[in-house]
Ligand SMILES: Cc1cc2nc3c(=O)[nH]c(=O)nc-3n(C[C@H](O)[C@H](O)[C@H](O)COP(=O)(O)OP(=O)(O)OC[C@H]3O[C@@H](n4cnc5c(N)ncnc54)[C@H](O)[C@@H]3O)c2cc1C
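Next up: just one chain, as structure tokens, the form predicted alone.
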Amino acid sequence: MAAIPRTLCTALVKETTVAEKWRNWARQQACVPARVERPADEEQLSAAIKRAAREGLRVRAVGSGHSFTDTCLTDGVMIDQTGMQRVLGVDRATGLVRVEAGVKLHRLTAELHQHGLALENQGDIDTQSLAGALATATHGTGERFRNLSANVVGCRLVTATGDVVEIDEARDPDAWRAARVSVGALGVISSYTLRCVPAFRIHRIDEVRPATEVLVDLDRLVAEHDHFEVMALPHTDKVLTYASQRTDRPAAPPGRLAAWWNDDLLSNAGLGAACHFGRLFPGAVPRVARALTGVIGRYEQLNDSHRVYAHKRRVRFTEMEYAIPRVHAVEALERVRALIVARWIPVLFPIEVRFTAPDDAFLSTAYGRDTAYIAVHQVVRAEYEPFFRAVEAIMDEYEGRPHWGKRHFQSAATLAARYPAWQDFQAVRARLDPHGLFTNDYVARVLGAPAGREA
């Protein structure tokens, strides 16, 4: 079969991208953009932004839709970077990799592995686009490791004029610290240069333990493991821990039956069925929680890092996550656990607790402090807002910073004091997008109106 010429492909795409309805992964955020643009390279991306600016339409970029907030919504032009997923250059000697911003994390990590490289750290969802993960300060866990954006060496940013600006620490240190976590408010990034590390394997052990035993010894456990995560199981006195060590031992993945039981049956089908049962019969939730805990067994993996970090997520949910000073982790977690019991909140998703080192991106949730992240979830179609608001009130007492892509009820007025470099970011924003071409309702709400235009 003859290949369709690229110019014709582009024309066909444009014809079918008018008045499309877009929804996020959780199916709880939706919009109908005036137009969806799907550039295949930086040149097409620049042209799309120039068109939008001429027409007076605002612009928002979208990746995989894994943000739970309205951060991607627009009635203007939506930029879908799915067509920009190429790895553009790999230097194995330095570990520097240049890659298009739309690449999905699972595709990037698989290709890095072929070159003997890996991301230094990673979160537990790898279907996100790289740009979306970086723009919202997405992270993994491990007290010696920073979030994903900390390993951005440089990027190419398409501004409101359609011009391309090369950003790195040497050329423009303030723009570099702003662009690494930007919530999409500075422009659309076409490519990143990342600092990667030699490929490695992870030995991870998952097991249920008494909450008091783990929490009283949490600092030691976090320090002793390269990556340590706590999943507190609501309505029980147990936690599920993920304890990981880096290793050069040969891979020894779990058997098919063990993987099916843990990854498919328990973590997806079983959890989903339990959550929806609890949504319909909230009085049964504590008994369901105890039953679920009783069937979770010890699960062990030893495999390439990207195969261990990421989990399959088939149960649709919505999520709130707060970054707080690590010193308050146990106290804050205990307060959330007590809240669930005291208010009889019918939630079965675990409360997730992770840890990272500080970094210096202006809007990073870990800016300038050792950080613990506490995340709560609720299955879709279940009521979440009263629960999330109550958790947020607790996190406010610790100067909590919400994950930019997850549910929260903050505004620029409440957030500005929590970020020491807030004004530094705003100065870069005023310089790169003074009239707010890349501002939507969410950006205006959490970052404020742009310098030269009312939101």
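Owing to the predicted nature of the structure, the values given are computational and were not obtained by experimental measurement. Start at 1 with the first residue shown and count on from there.
Missing here is the form predicted in complex with the ligand; even so, the following discussion is about that form.
Only one of the listed residues (403, 35, 38, 58) places a non-hydrogen atom within 4.5 angstroms of the ligand in the predicted bound form, and that residue is 403.
Note on the partner interface in the predicted bound form: the residue among 371, 149, 129, 305 having a heavy atom within 4.5 angstroms of the ligand is 129. Looking at residue 242, you'd find every heavy atom of it more than 4.5 angstroms from the ligand in the predicted bound form.
Interface residue remark: residue 287 is not counted as part of the site for the ligand in the predicted bound form, having no heavy atom within 4.5 Å. Taking non-hydrogen atoms only, residue 261 never approaches the ligand to within 4.5 angstroms in the predicted bound form. The ligand in the predicted bound form comes within 4.5 Å of a heavy atom belonging to residue 187. In plain terms, the part of the chain that comes close to the ligand in the predicted bound form, with a heavy atom within 4.5 Å, is 314-322 out of 249-257, 264-272, 314-322, 195-203. Three-residue candidate spot 177, 426 and 434; no residue lies within 4.5 angstroms of the ligand in the predicted bound form by any non-hydrogen atom. Contacts between 54-82 and the ligand, taken as any heavy atom within 4.5 Å in the predicted bound form, involve 60, 61, 62, 63, 64, 65, 66, 67, 68, 71, 72, 81.
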